[in-house]
Ligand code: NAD
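Below sits a lone chain in C-alpha coordinates, taken as the form predicted on its own.
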Amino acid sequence: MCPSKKTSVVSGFYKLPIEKRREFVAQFANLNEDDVKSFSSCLDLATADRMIENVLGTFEVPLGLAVNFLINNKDYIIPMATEESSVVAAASNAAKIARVKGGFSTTCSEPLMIGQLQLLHIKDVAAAAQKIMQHKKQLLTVANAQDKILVDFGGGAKDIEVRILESPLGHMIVTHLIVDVRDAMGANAVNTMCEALAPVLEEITGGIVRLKILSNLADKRLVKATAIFDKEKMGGDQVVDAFLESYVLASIDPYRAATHNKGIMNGIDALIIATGNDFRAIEAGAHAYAARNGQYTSLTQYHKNKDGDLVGKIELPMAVGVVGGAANMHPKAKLCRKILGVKTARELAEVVASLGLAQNFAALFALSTVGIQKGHMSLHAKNIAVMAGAQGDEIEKLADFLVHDGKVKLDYAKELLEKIRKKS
(Lines give C-alpha, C1' and ligand atoms only; values in the text may rest on other atoms or scores of the structure.)
Protein backbone atom coordinates (compact mmCIF):
# COMPACT_ATOMS: atom_id res chain seq x y z
CA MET A 1 0.00 0.00 0.00
CA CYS A 2 2.90 2.37 0.74
CA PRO A 3 4.52 3.54 -2.52
CA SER A 4 8.21 2.86 -3.25
CA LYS A 5 9.08 6.51 -2.62
CA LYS A 6 8.42 7.21 1.04
CA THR A 7 5.62 9.77 1.30
CA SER A 8 3.18 10.85 3.97
CA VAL A 9 0.49 11.63 1.38
CA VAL A 10 -2.37 9.15 1.65
CA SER A 11 -5.60 9.67 -0.24
CA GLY A 12 -8.68 8.81 1.81
CA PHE A 13 -6.67 7.57 4.79
CA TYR A 14 -9.65 8.15 7.09
CA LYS A 15 -11.78 5.83 4.95
CA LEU A 16 -9.42 2.87 5.38
CA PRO A 17 -10.14 0.19 7.95
CA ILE A 18 -7.86 0.26 10.98
CA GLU A 19 -5.85 -2.76 9.82
CA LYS A 20 -5.01 -1.05 6.51
CA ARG A 21 -3.95 2.10 8.36
CA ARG A 22 -1.64 -0.01 10.51
CA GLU A 23 -0.28 -1.68 7.39
CA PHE A 24 0.55 1.72 5.92
CA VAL A 25 2.33 3.04 9.02
CA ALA A 26 4.22 -0.24 9.41
CA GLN A 27 5.66 0.13 5.91
CA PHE A 28 6.28 3.87 6.29
CA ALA A 29 8.13 3.56 9.62
CA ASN A 30 9.59 0.07 9.18
CA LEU A 31 7.65 -1.28 12.16
CA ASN A 32 8.02 -4.93 13.10
CA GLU A 33 5.24 -7.33 14.05
CA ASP A 34 5.61 -6.60 17.77
CA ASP A 35 5.38 -2.86 17.10
CA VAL A 36 2.10 -3.32 15.24
CA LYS A 37 0.70 -5.52 18.00
CA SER A 38 1.48 -2.84 20.58
CA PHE A 39 -1.09 -0.51 18.99
CA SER A 40 -3.71 -2.71 20.64
CA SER A 41 -1.92 -3.14 23.96
CA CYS A 42 -2.37 -1.04 27.08
CA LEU A 43 0.29 0.31 29.39
CA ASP A 44 1.07 -2.58 31.73
CA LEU A 45 0.31 -2.02 35.40
CA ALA A 46 3.85 -2.73 36.55
CA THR A 47 5.22 0.09 34.38
CA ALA A 48 2.36 2.41 35.36
CA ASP A 49 3.07 1.73 39.03
CA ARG A 50 6.67 2.86 38.53
CA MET A 51 5.59 6.06 36.77
CA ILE A 52 3.23 7.55 39.38
CA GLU A 53 1.90 6.88 42.88
CA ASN A 54 -1.25 5.08 44.06
CA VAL A 55 -1.87 3.40 40.70
CA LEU A 56 -5.28 1.79 40.11
CA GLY A 57 -5.14 1.25 36.37
CA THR A 58 -4.57 3.13 33.13
CA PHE A 59 -6.62 5.60 31.08
CA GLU A 60 -6.55 5.33 27.30
CA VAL A 61 -7.13 8.10 24.75
CA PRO A 62 -7.39 7.55 20.98
CA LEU A 63 -4.10 7.50 19.07
CA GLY A 64 -4.39 8.69 15.49
CA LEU A 65 -2.08 9.70 12.65
CA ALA A 66 -1.82 13.03 10.88
CA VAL A 67 -0.67 12.53 7.30
CA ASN A 68 0.59 14.70 4.41
CA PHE A 69 3.29 16.49 6.42
CA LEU A 70 6.38 17.70 4.58
CA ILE A 71 8.81 19.40 6.99
CA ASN A 72 12.20 20.63 5.82
CA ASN A 73 11.73 18.49 2.70
CA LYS A 74 11.21 15.32 4.74
CA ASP A 75 7.95 13.37 4.94
CA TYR A 76 6.44 12.69 8.35
CA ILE A 77 3.35 10.95 9.60
CA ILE A 78 2.59 12.31 13.04
CA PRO A 79 1.09 10.31 15.91
CA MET A 80 -1.47 12.28 17.92
CA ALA A 81 -3.01 11.20 21.22
CA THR A 82 -6.23 13.16 21.69
CA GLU A 83 -9.89 12.73 22.54
CA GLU A 84 -11.06 15.76 20.54
CA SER A 85 -12.77 15.09 17.23
CA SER A 86 -11.68 16.78 13.99
CA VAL A 87 -8.18 17.64 15.26
CA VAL A 88 -6.29 14.90 13.39
CA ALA A 89 -8.24 15.37 10.17
CA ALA A 90 -7.84 19.16 10.31
CA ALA A 91 -4.07 18.94 10.75
CA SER A 92 -3.79 16.48 7.84
CA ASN A 93 -5.81 18.78 5.57
CA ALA A 94 -3.71 21.82 6.54
CA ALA A 95 -0.53 19.89 5.78
CA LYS A 96 -1.94 18.95 2.38
CA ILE A 97 -2.56 22.62 1.53
CA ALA A 98 0.89 23.68 2.82
CA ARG A 99 2.53 20.92 0.81
CA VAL A 100 1.64 22.58 -2.50
CA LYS A 101 4.18 25.36 -1.83
CA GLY A 102 6.86 23.22 -0.21
CA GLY A 103 5.46 22.30 3.19
CA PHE A 104 6.89 23.59 6.46
CA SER A 105 10.31 25.15 7.08
CA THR A 106 11.73 25.35 10.57
CA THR A 107 14.58 26.68 12.66
CA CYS A 108 15.46 25.80 16.23
CA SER A 109 17.80 27.40 18.76
CA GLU A 110 20.15 25.49 21.06
CA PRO A 111 18.48 23.41 23.81
CA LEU A 112 19.14 25.91 26.60
CA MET A 113 17.06 25.65 29.76
CA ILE A 114 16.92 28.11 32.66
CA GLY A 115 17.29 27.17 36.32
CA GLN A 116 16.27 29.81 38.87
CA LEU A 117 17.70 30.40 42.34
CA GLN A 118 15.83 32.91 44.50
CA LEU A 119 18.08 34.80 46.96
CA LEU A 120 16.49 36.61 49.90
CA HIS A 121 17.51 38.65 52.96
CA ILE A 122 20.37 40.51 51.28
CA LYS A 123 21.11 44.05 52.46
CA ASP A 124 23.05 45.26 49.41
CA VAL A 125 21.59 43.48 46.38
CA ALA A 126 23.71 45.39 43.86
CA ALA A 127 26.95 44.36 45.59
CA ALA A 128 25.72 40.78 45.97
CA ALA A 129 24.79 40.59 42.28
CA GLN A 130 28.27 41.78 41.37
CA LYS A 131 29.84 39.13 43.62
CA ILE A 132 27.81 36.41 41.94
CA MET A 133 29.10 37.41 38.52
CA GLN A 134 32.65 37.53 39.87
CA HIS A 135 32.25 33.88 40.92
CA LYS A 136 30.68 32.81 37.62
CA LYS A 137 33.46 30.38 36.70
CA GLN A 138 33.26 28.68 40.11
CA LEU A 139 29.46 28.39 39.89
CA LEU A 140 29.59 26.81 36.44
CA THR A 141 32.23 24.35 37.61
CA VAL A 142 30.09 23.27 40.56
CA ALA A 143 27.03 22.91 38.33
CA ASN A 144 28.84 20.83 35.71
CA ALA A 145 30.26 18.51 38.36
CA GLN A 146 26.67 17.31 38.92
CA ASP A 147 26.27 15.80 35.44
CA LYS A 148 29.54 14.80 33.81
CA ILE A 149 27.76 12.64 31.24
CA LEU A 150 25.79 15.64 29.97
CA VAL A 151 29.03 17.64 29.77
CA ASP A 152 30.71 14.81 27.84
CA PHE A 153 27.90 15.02 25.27
CA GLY A 154 28.61 18.73 24.75
CA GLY A 155 25.97 20.03 27.13
CA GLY A 156 26.07 21.32 30.67
CA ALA A 157 25.97 24.68 32.42
CA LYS A 158 26.98 27.43 30.00
CA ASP A 159 26.21 30.78 31.61
CA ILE A 160 25.02 32.69 34.67
CA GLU A 161 22.61 35.64 34.62
CA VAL A 162 21.57 37.79 37.57
CA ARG A 163 18.30 39.69 37.96
CA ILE A 164 17.29 42.07 40.76
CA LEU A 165 13.52 42.11 41.33
CA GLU A 166 11.29 44.26 43.49
CA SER A 167 8.69 42.42 45.57
CA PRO A 168 6.44 42.80 48.63
CA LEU A 169 9.37 41.25 50.52
CA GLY A 170 11.74 43.92 49.29
CA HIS A 171 14.48 43.46 46.69
CA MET A 172 15.51 39.93 45.86
CA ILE A 173 18.10 38.44 43.53
CA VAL A 174 17.13 35.75 41.05
CA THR A 175 20.12 33.96 39.56
CA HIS A 176 19.59 32.17 36.26
CA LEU A 177 21.68 29.12 35.48
CA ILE A 178 21.71 28.50 31.72
CA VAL A 179 22.10 24.81 30.88
CA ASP A 180 22.48 23.08 27.52
CA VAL A 181 20.46 19.89 28.07
CA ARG A 182 21.12 18.34 24.63
CA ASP A 183 18.39 15.80 23.74
CA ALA A 184 16.65 15.80 27.11
CA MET A 185 13.79 17.95 28.32
CA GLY A 186 16.23 18.83 31.08
CA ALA A 187 14.21 19.29 34.26
CA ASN A 188 16.09 16.73 36.35
CA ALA A 189 19.54 17.87 35.25
CA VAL A 190 18.77 21.56 35.81
CA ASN A 191 17.11 21.02 39.18
CA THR A 192 20.05 18.94 40.42
CA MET A 193 22.48 21.67 39.39
CA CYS A 194 20.40 24.38 41.05
CA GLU A 195 20.30 22.48 44.33
CA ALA A 196 24.08 22.08 44.26
CA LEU A 197 24.57 25.82 43.66
CA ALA A 198 22.31 26.96 46.51
CA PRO A 199 24.84 26.69 49.37
CA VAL A 200 27.57 28.20 47.21
CA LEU A 201 25.41 31.24 46.42
CA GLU A 202 24.51 31.64 50.09
CA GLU A 203 28.19 31.65 51.00
CA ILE A 204 29.03 34.19 48.28
CA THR A 205 26.19 36.61 49.09
CA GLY A 206 25.31 36.01 52.73
CA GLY A 207 21.68 35.58 51.70
CA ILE A 208 19.29 32.66 51.84
CA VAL A 209 18.29 30.63 48.78
CA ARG A 210 14.61 29.75 48.87
CA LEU A 211 13.45 28.46 45.48
CA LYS A 212 15.86 26.52 43.29
CA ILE A 213 14.11 25.06 40.25
CA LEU A 214 13.83 25.01 36.48
CA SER A 215 11.72 27.62 34.68
CA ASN A 216 9.17 26.41 32.15
CA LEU A 217 9.44 29.70 30.29
CA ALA A 218 12.19 28.28 28.10
CA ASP A 219 12.64 31.42 26.02
CA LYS A 220 16.22 30.52 25.16
CA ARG A 221 14.99 27.30 23.56
CA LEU A 222 12.79 28.57 20.76
CA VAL A 223 11.48 26.86 17.65
CA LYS A 224 10.04 28.58 14.58
CA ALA A 225 8.02 27.13 11.72
CA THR A 226 6.74 28.78 8.55
CA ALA A 227 4.53 27.64 5.69
CA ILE A 228 2.91 29.08 2.60
CA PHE A 229 -0.73 28.06 2.19
CA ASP A 230 -1.73 28.07 -1.46
CA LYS A 231 -4.52 30.56 -2.12
CA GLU A 232 -6.14 28.43 -4.84
CA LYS A 233 -6.32 25.41 -2.52
CA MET A 234 -7.84 27.68 0.10
CA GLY A 235 -10.50 28.94 -2.32
CA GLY A 236 -9.10 32.18 -3.71
CA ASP A 237 -8.33 35.76 -2.68
CA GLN A 238 -11.56 36.34 -0.79
CA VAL A 239 -10.97 33.35 1.45
CA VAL A 240 -7.39 34.50 2.19
CA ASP A 241 -8.70 37.96 3.06
CA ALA A 242 -11.41 36.49 5.30
CA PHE A 243 -8.76 34.38 7.03
CA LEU A 244 -6.57 37.42 7.70
CA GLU A 245 -9.52 39.41 9.04
CA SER A 246 -10.25 36.57 11.45
CA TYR A 247 -6.60 36.35 12.53
CA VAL A 248 -6.32 40.04 13.40
CA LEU A 249 -8.67 39.71 16.37
CA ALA A 250 -6.33 37.17 18.01
CA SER A 251 -3.42 39.55 17.55
CA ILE A 252 -5.12 42.38 19.48
CA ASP A 253 -7.55 40.75 21.91
CA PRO A 254 -6.54 38.32 24.69
CA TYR A 255 -10.06 36.89 24.87
CA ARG A 256 -9.78 35.68 21.29
CA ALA A 257 -6.05 34.90 21.59
CA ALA A 258 -6.73 32.41 24.39
CA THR A 259 -9.01 30.35 22.14
CA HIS A 260 -6.76 30.89 19.13
CA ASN A 261 -3.73 29.53 21.02
CA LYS A 262 -5.79 26.68 22.47
CA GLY A 263 -6.29 25.59 18.87
CA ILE A 264 -2.52 25.53 18.41
CA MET A 265 -2.13 23.42 21.53
CA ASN A 266 -4.79 20.96 20.29
CA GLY A 267 -2.14 19.71 17.88
CA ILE A 268 0.96 20.29 19.98
CA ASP A 269 -0.38 18.59 23.11
CA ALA A 270 -1.52 15.56 21.14
CA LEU A 271 2.00 14.96 19.82
CA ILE A 272 3.68 15.83 23.12
CA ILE A 273 1.51 13.26 24.92
CA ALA A 274 2.10 10.65 22.20
CA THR A 275 5.88 10.97 22.59
CA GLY A 276 5.86 10.84 26.39
CA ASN A 277 6.81 14.47 26.91
CA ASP A 278 5.42 16.95 29.46
CA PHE A 279 2.50 18.72 27.81
CA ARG A 280 1.86 20.82 30.93
CA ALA A 281 5.36 22.29 30.73
CA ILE A 282 4.91 23.04 27.03
CA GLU A 283 1.52 24.67 27.69
CA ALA A 284 2.90 26.83 30.52
CA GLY A 285 5.85 27.99 28.45
CA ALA A 286 3.74 28.70 25.38
CA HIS A 287 1.16 30.81 27.19
CA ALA A 288 3.79 32.70 29.18
CA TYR A 289 5.65 33.43 25.93
CA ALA A 290 2.42 34.69 24.36
CA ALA A 291 2.26 37.33 27.11
CA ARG A 292 5.96 38.24 27.15
CA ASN A 293 5.39 41.82 25.93
CA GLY A 294 2.78 42.67 28.55
CA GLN A 295 -0.37 41.55 26.72
CA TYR A 296 -1.42 38.02 25.89
CA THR A 297 -1.51 37.60 22.11
CA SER A 298 -1.34 35.11 19.25
CA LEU A 299 1.57 32.68 19.00
CA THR A 300 1.15 32.71 15.22
CA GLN A 301 1.43 35.45 12.62
CA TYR A 302 -0.08 35.57 9.14
CA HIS A 303 0.27 37.79 6.10
CA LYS A 304 -0.29 37.67 2.36
CA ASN A 305 2.73 37.42 0.04
CA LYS A 306 3.17 39.02 -3.38
CA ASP A 307 1.47 36.04 -5.06
CA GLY A 308 -1.57 36.37 -2.84
CA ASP A 309 -0.82 33.20 -0.90
CA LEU A 310 -1.16 33.07 2.86
CA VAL A 311 2.10 32.91 4.83
CA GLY A 312 1.92 31.54 8.36
CA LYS A 313 4.56 31.64 11.10
CA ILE A 314 4.77 30.30 14.63
CA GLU A 315 7.39 30.85 17.34
CA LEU A 316 7.31 29.41 20.84
CA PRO A 317 9.48 27.75 23.51
CA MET A 318 9.81 24.01 23.01
CA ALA A 319 11.37 22.03 25.86
CA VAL A 320 11.04 18.49 24.56
CA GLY A 321 13.24 15.45 24.92
CA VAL A 322 13.89 12.12 23.23
CA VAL A 323 15.75 10.67 26.22
CA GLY A 324 14.71 10.25 29.83
CA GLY A 325 11.34 10.36 31.59
CA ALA A 326 8.18 8.78 30.21
CA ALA A 327 9.67 9.04 26.71
CA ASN A 328 11.83 6.03 27.55
CA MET A 329 9.41 4.22 29.88
CA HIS A 330 6.07 4.21 28.07
CA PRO A 331 6.07 1.58 25.29
CA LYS A 332 3.65 3.54 23.10
CA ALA A 333 5.74 6.70 23.48
CA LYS A 334 8.73 4.78 22.16
CA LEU A 335 6.62 3.42 19.31
CA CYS A 336 5.37 6.90 18.42
CA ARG A 337 8.94 8.20 18.25
CA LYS A 338 9.77 5.32 15.94
CA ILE A 339 6.85 6.26 13.70
CA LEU A 340 8.04 9.87 13.62
CA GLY A 341 11.60 8.81 12.92
CA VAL A 342 13.05 11.68 14.95
CA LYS A 343 16.54 11.21 16.37
CA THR A 344 17.06 14.45 18.29
CA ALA A 345 15.09 16.81 20.53
CA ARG A 346 15.67 19.54 17.94
CA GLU A 347 13.98 17.54 15.19
CA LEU A 348 11.07 16.67 17.48
CA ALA A 349 10.64 20.35 18.38
CA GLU A 350 10.54 21.26 14.68
CA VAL A 351 7.83 18.69 13.99
CA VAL A 352 5.85 19.89 17.02
CA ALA A 353 5.95 23.53 15.86
CA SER A 354 4.91 22.58 12.32
CA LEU A 355 1.96 20.62 13.68
CA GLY A 356 0.96 23.57 15.89
CA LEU A 357 0.97 25.92 12.90
CA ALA A 358 -1.01 23.43 10.81
CA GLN A 359 -3.59 23.02 13.57
CA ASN A 360 -3.99 26.78 13.97
CA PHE A 361 -4.33 27.32 10.24
CA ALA A 362 -7.00 24.62 10.04
CA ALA A 363 -9.04 26.12 12.87
CA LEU A 364 -8.91 29.66 11.47
CA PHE A 365 -9.61 28.39 7.97
CA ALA A 366 -12.78 26.71 9.22
CA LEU A 367 -13.82 29.67 11.37
CA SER A 368 -13.42 32.18 8.57
CA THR A 369 -15.33 30.09 6.02
CA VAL A 370 -17.79 27.31 6.94
CA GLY A 371 -17.51 27.70 10.71
CA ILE A 372 -15.89 25.38 13.21
CA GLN A 373 -18.97 23.24 13.85
CA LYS A 374 -19.15 21.68 10.41
CA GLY A 375 -15.92 19.78 10.91
CA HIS A 376 -16.85 18.73 14.41
CA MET A 377 -20.36 17.60 13.60
CA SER A 378 -19.60 14.42 11.68
CA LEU A 379 -17.65 12.77 14.49
CA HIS A 380 -19.85 14.30 17.16
CA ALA A 381 -22.90 12.85 15.40
CA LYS A 382 -21.35 9.37 15.61
CA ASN A 383 -20.83 9.83 19.34
CA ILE A 384 -24.45 10.91 19.75
CA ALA A 385 -25.58 7.94 17.66
CA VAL A 386 -23.75 5.54 20.00
CA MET A 387 -25.21 7.30 23.05
CA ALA A 388 -28.68 6.86 21.52
CA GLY A 389 -28.09 3.11 21.35
CA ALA A 390 -27.06 2.65 17.69
CA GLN A 391 -24.93 -0.41 16.92
CA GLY A 392 -22.87 -1.60 13.94
CA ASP A 393 -24.04 -0.14 10.63
CA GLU A 394 -26.73 1.84 12.43
CA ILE A 395 -24.10 4.26 13.80
CA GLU A 396 -22.97 5.61 10.42
CA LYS A 397 -26.51 5.68 9.05
CA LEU A 398 -27.94 7.53 12.04
CA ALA A 399 -25.02 9.98 12.15
CA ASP A 400 -25.56 10.87 8.48
CA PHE A 401 -29.22 11.63 9.15
CA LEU A 402 -28.35 13.80 12.17
CA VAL A 403 -25.83 15.88 10.20
CA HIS A 404 -28.15 16.17 7.19
CA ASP A 405 -31.02 17.37 9.36
CA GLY A 406 -28.78 19.73 11.33
CA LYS A 407 -30.03 18.28 14.63
CA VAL A 408 -27.15 16.53 16.34
CA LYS A 409 -29.02 16.03 19.58
CA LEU A 410 -29.56 12.96 21.73
CA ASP A 411 -33.36 13.12 21.92
CA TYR A 412 -33.64 13.51 18.14
CA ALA A 413 -31.15 10.67 17.63
CA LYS A 414 -33.23 8.32 19.77
CA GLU A 415 -36.34 9.26 17.83
CA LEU A 416 -34.63 8.66 14.47
CA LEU A 417 -33.09 5.38 15.59
CA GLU A 418 -36.52 4.07 16.50
CA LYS A 419 -37.81 4.99 13.02
CA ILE A 420 -34.80 3.39 11.33
CA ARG A 421 -35.30 0.14 13.21
CA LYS A 422 -39.01 0.04 12.42
CA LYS A 423 -38.26 0.34 8.69
CA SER A 424 -35.62 -2.40 8.68
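What you see is a predicted model; the values in this text were computed from it and never measured. We number the residues from 1 along the sequence you see.
Below: the form predicted together with the ligand, not depicted.
**Q** Which listed residue (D309, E347, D147, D75) meets the criterion of a heavy atom within 4.5 Å of the ligand in the predicted bound form?
**A** Looking at the other structure, the residue within range turns out to be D147.
**Q** The ligand isn't shown here, but in the predicted bound form which of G235, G325, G170, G206 has a heavy atom within 4.5 Å of it?
**A** The option sitting close enough to the partner is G325.
**Q** Specify the contacting stretch among 225-233, 187-195, 255-263, 119-127, defined as having any heavy atom within 4.5 Å of the ligand in the predicted bound form.
**A** Every other range fails; the passing one is 187-195.
**Q** Should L214 be counted as a contact of the ligand in the predicted bound form, where contact means heavy atoms within 4.5 Å?
**A** Judged by the heavy-atom cut-off of 4.5 Å, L214 is in contact with the ligand in the predicted bound form.
**Q** Hey, in the predicted bound form, is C336 touching the ligand, heavy atoms inside 4.5 Å?
**A** Taking the distances in the predicted bound form, the answer for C336 is no, it never comes within 4.5 Å of the ligand.
**Q** With the partner left out here, check for me: in the predicted bound form, does some heavy atom of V181 sit within 4.5 Å of the ligand?
**A** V181 belongs to the contact set for the ligand.
**Q** Although the partner isn't part of this model, could you tell me whether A281 comes within 4.5 Å of the ligand in the predicted bound form, counting any heavy atom of the residue?
**A** Yes, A281 lies within 4.5 Å of the ligand in the predicted bound form.
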